[in-house]
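Next comes just one chain, in structure tokens: the form predicted on its own.
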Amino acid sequence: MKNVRIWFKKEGLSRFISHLDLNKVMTLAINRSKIPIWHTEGFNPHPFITFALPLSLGFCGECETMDIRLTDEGFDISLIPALLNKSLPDGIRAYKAAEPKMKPAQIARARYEIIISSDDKSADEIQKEISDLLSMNEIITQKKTKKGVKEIDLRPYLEDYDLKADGEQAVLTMTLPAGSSENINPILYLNSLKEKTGGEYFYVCTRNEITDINGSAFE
């Protein structure tokens, strides 16, 4: 058998497809494509599919991955993206397939771009509000965990970011911890902004890079 990693984009209205439904979408596309995928054993066999770092609901993703296992080692894996795209909905497109070089446990960082707007504030005003927030010594907000809701300080996680006004929107790009050991959702910063200013904001968040601890792209 051969392990294969597939890269795909998730954007547009498809960003509102939950992770559970994404699994169903990919399973259906694989079944229709006739790709020789290995199925799990037991009473309810199903195609073996795993996702390295599930995307939050409502987020776009430019570098999402899923792993499958092929029963035919001679199958040309370069054909997989085109075969899948025939059955995938608008907004989800596979663009690469290769044998994995890294383990999902090596994922340590993710890069996000957040486009932020408001009905009653200009881009410059939003930019200043975010800048004031990110320059604080502490950025306290609430985070949901498996054990309940707890207060955390987001300031220590702010390793690298860029902020600018662009037309009627502010654009915030930031690198945050991501992976099985520690994961910080960038929307926590917007939640803290709302708590600080009392304002209402609209956003589109895109995860455009996933890396290991050294900054190498997940492969």
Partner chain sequence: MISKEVEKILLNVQKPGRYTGGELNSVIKDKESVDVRFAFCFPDVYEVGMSHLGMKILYSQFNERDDIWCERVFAPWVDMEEQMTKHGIPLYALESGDSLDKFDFIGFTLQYELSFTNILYMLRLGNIPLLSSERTQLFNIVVAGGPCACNPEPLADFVDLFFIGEGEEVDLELIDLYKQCKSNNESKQEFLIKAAQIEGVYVPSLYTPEYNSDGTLKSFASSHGAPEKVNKRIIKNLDSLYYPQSFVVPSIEIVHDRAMAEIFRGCIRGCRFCQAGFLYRPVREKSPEVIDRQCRLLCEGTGYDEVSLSSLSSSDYTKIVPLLTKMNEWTEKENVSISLPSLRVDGFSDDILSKLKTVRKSGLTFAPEAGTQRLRDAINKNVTEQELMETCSTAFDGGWTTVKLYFMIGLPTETFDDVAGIARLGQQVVNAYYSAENRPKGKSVRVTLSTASFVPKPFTPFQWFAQDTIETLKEKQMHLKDSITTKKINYNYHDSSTSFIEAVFARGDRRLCKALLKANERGMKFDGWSDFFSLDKWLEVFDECGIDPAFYANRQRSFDELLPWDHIDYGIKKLFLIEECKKAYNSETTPNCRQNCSGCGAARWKEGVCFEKRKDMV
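Numbering follows the first chain given and starts at 1. Because the structure is predicted, anything quoted here is derived from the model rather than measured.
Only in words, not in the display: the form predicted in complex with its partner chain, which the text now covers.
Listed stretches are 174 to 182, 64 to 72, 50 to 58, 157 to 165; the contact stretch with its partner chain in the model of the complex is 50 to 58, by a heavy atom cutoff of 4.5 Å.
The three residues Arg15, Leu28 and Leu88 all sit with a heavy atom within 4.5 Å of its partner chain in the model of the complex. At a distance threshold of 4.5 angstroms between non-hydrogen atoms, Glu195 is out of contact with its partner chain in the model of the complex. For the chain shown alone, Lys150 is not a contact residue for its partner chain in the model of the complex, no non-hydrogen atom being within 4.5 angstroms. Mapping the unseen interface onto this chain, Asp76 falls outside it, with no heavy atom inside 4.5 Å of its partner chain in the model of the complex. In the model of the complex, no heavy atom of Glu99 sits within 4.5 Å of its partner chain.
The partner is not shown here, and in the model of the complex the stretch 141 to 169 never reaches within 4.5 angstroms of its partner chain through any heavy atom.
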